[in-house]
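A single chain, nothing else alongside it, follows as structure tokens in the form predicted alone.
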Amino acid sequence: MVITKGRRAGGRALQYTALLGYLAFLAFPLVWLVSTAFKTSREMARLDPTWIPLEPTLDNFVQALGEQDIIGAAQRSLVVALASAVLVVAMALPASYALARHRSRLNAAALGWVLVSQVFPFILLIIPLFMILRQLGLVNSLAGLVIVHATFCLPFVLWMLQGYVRGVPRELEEAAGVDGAGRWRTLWSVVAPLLAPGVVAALMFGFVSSWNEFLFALILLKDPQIQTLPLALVRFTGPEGVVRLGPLAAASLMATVPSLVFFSFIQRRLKGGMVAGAVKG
């Protein structure tokens, strides 16, 4: 009995150690970013780097805001990310319901194709998308970028949401039908609330993916006045490839704030939806 308790305690200590190591690994980039953003150029050039700035300064933030339109680029990224997230969920939700509820060989083939499409590199999509957007007059526009972001997020969101739909018992829909509810009333009043956690998770994925996306924005947006935040951050790299580390760290730190605020807000909604779904299920 003593040996068993000792093994359990040792296993638990090993688990906590692994968890702490993983958390430290995840936190390292953010801690390094915050530390660098407040350091002077002389301190960043030291051979013995410090974690806590010895002479904290806001000069990097002043330079970042003064040299690049960080606020404007962040606003454009926010609009693109929100629009992309809403658009991809609007397209994926009815399609995922149809794929999950109406089983056939065609639907199985469609799901398989969605899964296979995830292994394609993004660069394969950009040429046909660029030609389509050029025909529509949407190259070098935020609307075109929203369509592209929604397109590359759609397969994963579709796959994710059809799993949530399969988790909703059919019996609930049949019971609503017996009570006299029509098809749309059943979908809106019974199915939709139970899918809320999945919809929130899909919105979160679409927003973060679009917020961080760089390649498509680089190819599609040529006008500096409409470029998004990832492109604005690249300008802190000089033509010789020399990175201006202080302003870049300050701008990157400011760029993470909207994403963290969105995540903290929607995470509460996600937990609330999970609880509501559990009660109604």
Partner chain sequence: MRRITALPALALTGVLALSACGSGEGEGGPVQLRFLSLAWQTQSIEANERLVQEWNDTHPDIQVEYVQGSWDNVNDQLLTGFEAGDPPDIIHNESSALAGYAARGYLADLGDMLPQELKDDIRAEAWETATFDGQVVGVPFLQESQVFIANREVLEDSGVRIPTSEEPWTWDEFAEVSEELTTEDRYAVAWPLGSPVNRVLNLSLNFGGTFFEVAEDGTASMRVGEQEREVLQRIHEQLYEDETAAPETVGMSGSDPLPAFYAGEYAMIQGGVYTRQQVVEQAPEDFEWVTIPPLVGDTAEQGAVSQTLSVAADSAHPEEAAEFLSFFLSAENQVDLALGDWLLPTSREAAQAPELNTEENDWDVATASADNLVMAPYLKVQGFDEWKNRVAQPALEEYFGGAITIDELAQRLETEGDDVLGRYR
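As the structure is a computational prediction, the values presented were derived from the model and not from experiment. Numbering follows the first chain given and starts at 1.
As for the form predicted together with the partner chain, it is not shown, yet the points below apply to it.
Student: I have Ala95, Leu115 and Ser259 flagged as a candidate spot, so tell me whether each of them has a non-hydrogen atom within 4.5 Å of the partner chain in the model of the complex.
Tutor: The answer is no; none of Ala95, Leu115 and Ser259 reaches the partner chain.
Student: Does the 4.5 Å heavy atom contact test between Val243 and the partner chain in the model of the complex come out positive?
Tutor: So Val243 counts as contacting the partner chain.
Student: With heavy atoms only and a cut-off of 4.5 Å, decide whether Met131 touches the partner chain in the model of the complex.
Tutor: Close contact exists here: in the model of the complex, Met131 approaches the partner chain to within 4.5 Å, heavy atoms only.
Student: With a 4.5 Å heavy atom cut-off, would you call Phe236 a contact of the partner chain in the model of the complex?
Tutor: Heavy-atom contact with the partner chain at 4.5 Å: present for Phe236.
Student: Indicate whether Met204 is a 4.5 Å heavy atom neighbour of the partner chain in the model of the complex.
Tutor: Met204: no contact with the partner chain in the model of the complex.
Student: Just to confirm the contact call: exactly one of 138 to 146, 162 to 170, 98 to 106, 176 to 184 touches the partner chain in the model of the complex at a 4.5 Å heavy atom cutoff, so which is it?
Tutor: Selected stretch: 138 to 146.
Student: I need to confirm a contact call. Of Ser252, Thr36, Gln68, Asn60, which residue comes within 4.5 Å of the partner chain in the model of the complex, counting heavy atoms only?
Tutor: Only one listed residue qualifies here, and that residue is Gln68.
Student: Identify which of Val31, Leu26, Leu54, Ala45 has a heavy atom within 4.5 Å of the partner chain in the model of the complex; exactly one of them does.
Tutor: The residue from Val31, Leu26, Leu54, Ala45 that makes the contact is Ala45.
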